[in-house]
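The data below hold one chain only, encoded as structure tokens and taken in the form predicted on its own.
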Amino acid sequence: MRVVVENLSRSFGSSKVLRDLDLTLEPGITGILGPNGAGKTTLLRILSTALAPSKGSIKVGGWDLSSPHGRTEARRRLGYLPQEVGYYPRFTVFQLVDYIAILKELDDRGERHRRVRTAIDAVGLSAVAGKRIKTLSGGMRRRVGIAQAIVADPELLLLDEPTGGLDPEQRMRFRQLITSLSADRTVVLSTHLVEDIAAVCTSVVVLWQGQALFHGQPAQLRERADGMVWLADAVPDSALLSWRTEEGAVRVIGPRPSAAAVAIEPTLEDAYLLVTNCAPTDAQLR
């Protein structure tokens, strides 16, 4: 399912969170990468129809979200994991996911329950399906949120900070799950963790103060840092960023700090740091 965002802006009072944003999201996994406050959650809330834009247009699979009919049709086709999921604490895991399935108009009870069990099993919670939400750990609750987002087999899957609260093994399983789901649908996940992008995403958007600084493949983003990452003996004054590694050398992002500095292969994180540190300031964007 293609998602087309044109000239999208969103303000809260005098604060402009999204600024004239243009994006086209294709089937596969797109990661929205940016620091806290970049506008990631606001963008996903707008795509999910939970929040209206201040300006601009969004089409989800051809459905225009500015019309009531378009929003209804889009909601039938999307699954959404918000950053903060409002759980009914007395519901069991099964009851919560089943309730969301009912809201998604899965009317056949037998088929609905089959889908609920499949979703719960996919996130590794079959053993606690009968337990109440209030008894679960934070990581388990996060997995319940993922289960409710995928229960109706959505064409568009929106995930806001999906790996928050998950331990390393759970993050690995989540990445395997999302990769398996992305074959024939559009998955959009927001994160501030570069490792999430590197592990699963086919495209990445670097969001900074409400603007897209980059939109392309992760390898293309990594190429932005070619010839801009060095190992040096000391912290230079001219570096955009530098830090001392575990081995004792200084990793430098920016122009070559000295004749003795050695160029090294950049990582995706290096490129992200380079792009965001070369971005215009909020004052310049006004």
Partner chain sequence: MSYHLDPTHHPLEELSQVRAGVVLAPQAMEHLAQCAACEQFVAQELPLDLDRVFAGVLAELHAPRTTSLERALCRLRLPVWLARSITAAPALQGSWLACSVVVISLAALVGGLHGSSGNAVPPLLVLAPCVVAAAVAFCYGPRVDPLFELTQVTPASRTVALLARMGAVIGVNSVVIAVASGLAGGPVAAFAWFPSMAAVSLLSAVIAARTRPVVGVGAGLVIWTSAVLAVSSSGLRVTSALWGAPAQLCYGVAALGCGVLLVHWIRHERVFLLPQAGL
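Numbering follows the first chain given and starts at 1. Because the structure is a prediction, the values reported are computed rather than measured.
There is also a form predicted in complex with its partner chain; it is not shown, and the following applies to it.
Peer 1: Would its partner chain be touched by all three of S137, F174 and A271 in the predicted bound form, meaning a heavy atom each within 4.5 Å?
Peer 2: No, none of the three is in contact.
Peer 1: Residues in which of 179 to 187, 212 to 220, 194 to 202, 73 to 81 have heavy atoms within 4.5 Å of its partner chain in the predicted bound form?
Peer 2: Within 4.5 Å of the partner lies stretch 73 to 81.
Peer 1: Indicate whether Q148 is a 4.5 Å heavy atom neighbour of its partner chain in the predicted bound form.
Peer 2: Although its partner chain is absent here, Q148 would touch it in the predicted bound form, with heavy atoms inside 4.5 Å.
Peer 1: Are any of the heavy atoms in V17 no more than 4.5 Å from a heavy atom of its partner chain in the predicted bound form?
Peer 2: The answer is yes: V17 has a heavy atom within 4.5 Å of its partner chain.
Peer 1: R45 near its partner chain in the predicted bound form, any heavy atom under 4.5 Å?
Peer 2: Yes.
Peer 1: Taking heavy atoms only, is L240 within 4.5 angstroms of its partner chain in the predicted bound form?
Peer 2: No.
Peer 1: Answer with one of V206, I100, L156, A119: the residue that has a non-hydrogen atom within 4.5 Å of its partner chain in the predicted bound form.
Peer 2: That would be I100.
Peer 1: Within 4.5 Å of its partner chain in the predicted bound form, which residues of 229 to 261 have a heavy atom? Give them in sequence order, or say none.
Peer 2: Stretch hits: zero.
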